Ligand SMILES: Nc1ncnc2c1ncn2[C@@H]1O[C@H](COP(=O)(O)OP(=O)(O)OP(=O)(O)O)[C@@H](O)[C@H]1O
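Quick heads-up: it's one chain on its own, the form predicted alone, in structure tokens.
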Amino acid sequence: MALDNPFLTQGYAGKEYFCNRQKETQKILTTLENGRNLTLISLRRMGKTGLIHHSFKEMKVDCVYVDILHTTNLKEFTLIFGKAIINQLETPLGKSWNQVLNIFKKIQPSIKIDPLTGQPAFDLSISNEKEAEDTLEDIFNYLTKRKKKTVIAIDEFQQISYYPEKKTEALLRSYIQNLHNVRFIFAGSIKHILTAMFSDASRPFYQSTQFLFLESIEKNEYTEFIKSHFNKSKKKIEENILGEIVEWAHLHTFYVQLFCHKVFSKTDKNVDEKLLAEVKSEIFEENEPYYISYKNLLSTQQWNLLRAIAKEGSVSKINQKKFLNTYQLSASSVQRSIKALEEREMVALEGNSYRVYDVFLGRWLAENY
């Protein structure tokens, strides 16, 4: 079914609404088909989740997706991981129910009705760390016995490094290395943590996967994608307007999609500079309360550095004398502040240059401060 607005800001709706990523998709498929697991790393909102679901559509195996971003310990991981495995590989009816009952030795699963879909789904309840470990063992035993080939994508996998149970990496690795019919995609958005997890010789997952770093979609490919959807709806958009949209959104997938979503919804005929200015103003107006609140959350030095980076667009040498003098920054405060801004995901390091992570926040800062 055709969508009213082809520029999605969340979810996956099929090939028609997915831009390019042919090379990345092929690399994922080839890596998994040849028996290796894969680590997929990108900035947040660059489209890695969409790429995972797009790749799933190209696979002739069972697929499971689980996002662990909001988990804080092994118990929470086991709950969300277990539910995803069971509900996406089994159905709570007939033989499946009996099979699921046989999976778990220490806890009793139940069936609940999903409030959004109205469909029955398996539910789990875990009381403590011991039950979590036992349940995790049961889940991997189930995967071991399963004959069908399966791909499991764990999104925001770097979260396990924050768990109080420091043995989590080793525990998962001990189970995963013994699975023969299951391949994994470990996806995440904090590059230095994920890179260390899989490239540090002292870590359990050392050299156990193939890396894939997801970059921006190539400009010409993205502008052609945008243009084609406007043309299909008989809406005219000129090349210079297309170029301005992707440049203003820094070719960052979410921000390009959101900008185009708004532009598409506001015109029946032609897209012009006046409409672009209107959309920019609307974006700033909608987000300004959040942006202003950041000033209260950051120290004065952090805020001033963030503002300076926004003004420059990107900065490769934050200790360069010219940059420090222009924005009245001190070298010592910049070193402390850049680390804090990176940890808060307020700035992103692309190549050798820093930029404001939230593209629209960066544009707002550049115009208002």
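Each residue number is its position in the shown sequence, starting from 1. As the structure is a computational prediction, the values presented were derived from the model and not from experiment.
Another form exists, predicted in complex with the ligand; not displayed. Remarks below refer to it.
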Inset, instruction - Choose one stretch from 48-56, 305-313, 336-344, 320-328: the one whose residues place a heavy atom within 4.5 angstroms of the ligand in the predicted complex. - result: 48-56
Inset, instruction - Identify, from the list 77, 142, 222, 184, the residue with a heavy atom within 4.5 Å of the ligand in the predicted complex. - result: 222
Legend entry - Listed residue that, although the ligand is not shown, lies within 4.5 Å of it in the predicted complex (heavy atoms), from 159, 150, 257, 135: 257
Inset, instruction - Look up in the predicted complex whether residue 17 has a non-hydrogen atom within 4.5 angstroms of the ligand, and give yes or no. - result: yes
Inset, instruction - Using a 4.5 Å heavy atom cut-off, state whether residue 44 contacts the ligand in the predicted complex. - result: yes
Legend entry - Partner contact for residue 8 in the predicted complex: the ligand, 4.5 angstroms, heavy atom: yes
Inset, instruction - Using a 4.5 Å heavy atom cut-off, state whether residue 71 contacts the ligand in the predicted complex. - result: no
Inset, instruction - Report yes if all three of 21, 189 and 217 come within 4.5 Å of the ligand in the predicted complex by some heavy atom, otherwise no. - result: yes
